[in-house]
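Coming up is one lone chain in structure tokens, specifically the form predicted alone.
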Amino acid sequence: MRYGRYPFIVGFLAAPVAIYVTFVIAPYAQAFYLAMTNWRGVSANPKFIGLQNFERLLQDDIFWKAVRHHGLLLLAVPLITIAIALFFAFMLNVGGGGRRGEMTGVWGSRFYRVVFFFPQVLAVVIVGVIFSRVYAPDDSGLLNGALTAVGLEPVLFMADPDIALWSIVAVLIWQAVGFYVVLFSAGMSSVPKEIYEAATIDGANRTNMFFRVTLPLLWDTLQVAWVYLGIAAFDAFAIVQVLSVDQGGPDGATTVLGMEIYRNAFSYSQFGYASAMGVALFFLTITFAALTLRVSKRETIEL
């Protein structure tokens, strides 16, 4: 058995490694190659042009506008989503204070936990359709109907360049909060109740328990949440495609890299240039994840 161990391990791993290389690594390598060609999607032998597509990227204003939009999304979406989700999770788990010797959530916490999770089970396209009615520019929309009812002028949420991207941010946050409420609730439920009870006996109020007990103990979960939300911010294509005016408009006010990749590939038949944008998006995502894990690294607290 000892001499047959390594052939068995190699044989066991060969199939999954071959599948991973074929369906994950190979498409990446192909995209990197296409990024250095002028392929327009029809030629069997695209012309190799080196780094010309990347040189064009550096001079493309719409590319840099999309990158700036990702910068705003990377700050706003993770920060606001985590803040809201942490607050709700804290209230649902220990916000009700001590009852019969145990820390409990606010009244109706089980019902709220289910309600918060509803947006997570909806497909992205359905979310886009729902908010297309919420943001409707006339009084048939939910928000403008309420504004009109109190005598205010309707707001052009998706047609005003100053607020269109923030309207997209609000949708991304609305969709993500429920999942992270459940994630943080699971993390808080693993914290021994004795720690909260000891903090209560020592005179800690809810604010102190939140910042001095809950946050330090959930740091690893927060770190992972920030990375996932950042990657989601890089992948805002579907919401922008469904909700925005003229696919990333008005006048590029809501465009993101995913939108520009789609537009260059399938509207302008510039697959080589679109692949160069995809390569840039790949390195931006990897850099963000590495920096986040590096900057937020800290010693784990053992329970």
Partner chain sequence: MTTNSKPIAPAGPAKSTARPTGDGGQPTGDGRRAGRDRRHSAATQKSEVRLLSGLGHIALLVWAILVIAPLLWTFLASFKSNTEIFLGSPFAIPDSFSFASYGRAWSEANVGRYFLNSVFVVTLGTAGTMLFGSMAAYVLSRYRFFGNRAIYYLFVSGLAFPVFLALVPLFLIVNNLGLLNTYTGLILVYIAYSLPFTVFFLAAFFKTLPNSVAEAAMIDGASHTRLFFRIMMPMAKPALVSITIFNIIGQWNQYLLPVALMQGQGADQKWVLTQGIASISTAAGYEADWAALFAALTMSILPMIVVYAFFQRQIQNGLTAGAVK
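Positions refer to the first chain, counted from 1. Think of the rigid core as the biggest set of C-alphas that the two forms share within 1.5 Å after superposition. All figures in this text were calculated on a predicted structure; none of them were measured in a lab.
The next section is about a form of this same protein that is not shown, the form predicted in complex with the partner chain.
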Residue 151 near the partner chain in the predicted bound form, any heavy atom under 4.5 Å?
-> no
So in the predicted bound form, does residue 63 come within 4.5 Å of the partner chain, heavy atom to heavy atom?
-> no
Quick one: does residue 50 come within 4.5 Å of the partner chain in the predicted bound form, counting heavy atoms only?
-> no
Would residue 242 count as touching the partner chain in the predicted bound form under a 4.5 Å heavy atom rule?
-> yes
Whether 76, 211 and 226 all lie within 4.5 angstroms of the partner chain in the predicted bound form by heavy atom = no
Who in 257 to 279 is close to the partner chain in the predicted bound form, meaning a heavy atom within 4.5 Å?
-> 258, 261, 262, 265, 266, 271, 274, 275, 278, 279
Does superposing the core leave residue 290 with a CA shift of 2 Å or more between the shown form and the other one?
-> no
Compare the position of the CA of residue 26 between the shown form and the other one after a rigid core fit and state whether the shift reaches 2 Å.
-> yes
Against the displayed form, residue 18 vs residue 290 by Cα, in the predicted bound form, with 3 angstroms or more change: pair is farther
